[in-house]
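As structure tokens, one chain now follows by itself in the form predicted alone.
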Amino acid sequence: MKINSYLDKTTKAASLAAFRILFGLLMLVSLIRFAALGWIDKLYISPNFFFKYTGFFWVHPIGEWTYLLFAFCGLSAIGVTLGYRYRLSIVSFFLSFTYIELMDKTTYLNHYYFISVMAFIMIWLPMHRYYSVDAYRDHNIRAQYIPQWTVDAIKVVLGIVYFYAGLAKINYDWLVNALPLKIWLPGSYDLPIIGGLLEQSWVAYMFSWSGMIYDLMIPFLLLWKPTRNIAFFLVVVFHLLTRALFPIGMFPYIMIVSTLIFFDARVHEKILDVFSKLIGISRSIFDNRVSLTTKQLAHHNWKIYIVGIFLILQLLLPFRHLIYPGNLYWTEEGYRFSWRVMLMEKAGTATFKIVDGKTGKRFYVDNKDFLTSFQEKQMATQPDMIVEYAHYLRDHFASQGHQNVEVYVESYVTLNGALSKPYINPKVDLGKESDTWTHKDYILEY
């Protein structure tokens, strides 16, 4: 059978080893950068209220212990890099990083989700069988060759990220109106050489169309050997340019390094040789000509099933927005976890009104009493966050002795520079609405 033939194919383990080291190092740098910028306190300790993901209401902030959680995550990243007690290290990294990510929905970013997805995949792959502390200490687990599908699984994840980002750009505002780039690009007018051009309308259209084509094509150009070098050059140029234009942190570097997985194992061996010179341990120690078979790795195929099911889930999840009515960018139902990267400029205001349902007495809430400015900005344009905050206000004022508490919101939102419009039905008591995966009919039509 063709499937069995594919599962029997092997490739050099250097590919996974180099990916593991570079991934771990980037994660460590990212965590140190996050702490150095003071974001641990600003985002996860100082706020009085935290927005939770649907289905993860059990995840709670842990106050000052958050510093310890970040330190634990950093130590796990070091363990992943070294391949030291790899299974424990990668599971610890996945759980700690994902817990941090889930503590407040306000901080959601596609690249945080990407890291969690990649870390989960890495749990099931033989990343430590070559050029690792584990393999150095135990020659029984060393393997110079591994199943090809273990490398391809990482390529699939990267392919999904790029291709789905390209699909998402096939929309009217992005291609016909060059929005939101027409709004954003002029803000970088002070960049040397290209700054003046960024104020030109045609440049926004060029970036919109080329960005869409790039995302759709780059996975295939990387897969095909004759175009791989030029494709990687485009990856580097694209991500460095986006890093210069937009404040998107470490994501461009993570994607540049990750796409190295598409290259032949000889490239990864050269990368490992660089590390060999730095630490004084020859790569040849691990070259034992042993091949790790799929049967040895998968233990009756259950690891293959886990990876396969997870990849299928990643293929399907971005399409869940199709079950909801209305404009996706307006309602944001099914927007997260679908690789829709920087596709809209959205801003709004949300003024909450507390009403005594029996007497009709009312007063307005100053959101600054409960939320940070960043939380308030994010909440004002995202319906699930609006209703969750309304529940918090209901419970808070009820605990303060207010009777028959009802919560209403007067909200206005602008999408991609259009005139602001009423967003949430002001006549709906949000304290009685549920934050579920079903359609939120209190969102007004765009």
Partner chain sequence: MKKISKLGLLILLSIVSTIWIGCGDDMPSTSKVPDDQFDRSTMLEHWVDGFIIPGYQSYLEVVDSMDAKAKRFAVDPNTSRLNDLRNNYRFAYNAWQEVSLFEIGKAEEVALRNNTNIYPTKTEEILENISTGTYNLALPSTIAQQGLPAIDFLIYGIGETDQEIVDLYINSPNQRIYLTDLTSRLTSLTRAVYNDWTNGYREAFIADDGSSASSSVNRMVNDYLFYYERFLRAGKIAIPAGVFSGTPLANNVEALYTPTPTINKSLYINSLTKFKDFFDGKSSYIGNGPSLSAYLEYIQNLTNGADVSGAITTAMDNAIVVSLDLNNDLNAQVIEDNSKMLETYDALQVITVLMKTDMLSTLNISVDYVDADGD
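Positions refer to the first chain, counted from 1. Keep in mind that what you see is a predicted model, and the values were worked out from it rather than measured.
The same protein also exists as the form predicted in complex with the partner chain; that form is not shown, yet it is the one meant from here on.
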| property | result |
| --- | --- |
| Output flag, Ile32, Ala143 and Gly308 jointly within 4.5 Å of the partner chain in the predicted complex, heavy atom basis | no |
| Listed range touching the partner chain, judged in the predicted complex by heavy atoms within 4.5 Å, from 130-138, 321-329, 163-171, 363-371 | 363-371 |
| Single option in Val157, Leu221, Ile123, Ile271 placed near the partner chain in the predicted complex, where near means a heavy atom within 4.5 Å | Ile271 |
| One residue of Glu376, Glu101, Asp356, Asp152 in contact with the partner chain, assessed in the predicted complex (non-hydrogen atom, 4.5 angstroms) | Glu376 |
| The partner chain contact at Ser420 in the predicted complex, heavy atom, 4.5 Å | yes |
| Exercise: Met217 in contact with the partner chain in the predicted complex, heavy atom 4.5 Å | no |
| Ser188, heavy atom within 4.5 angstroms of the partner chain in the predicted complex | yes |
| is_contact(Asn301, the partner chain) in the predicted complex, heavy atom dist at most 4.5 Å | no |
| Within 120-156, the residues that have a heavy atom no more than 4.5 Å from the partner chain in the predicted complex | none |
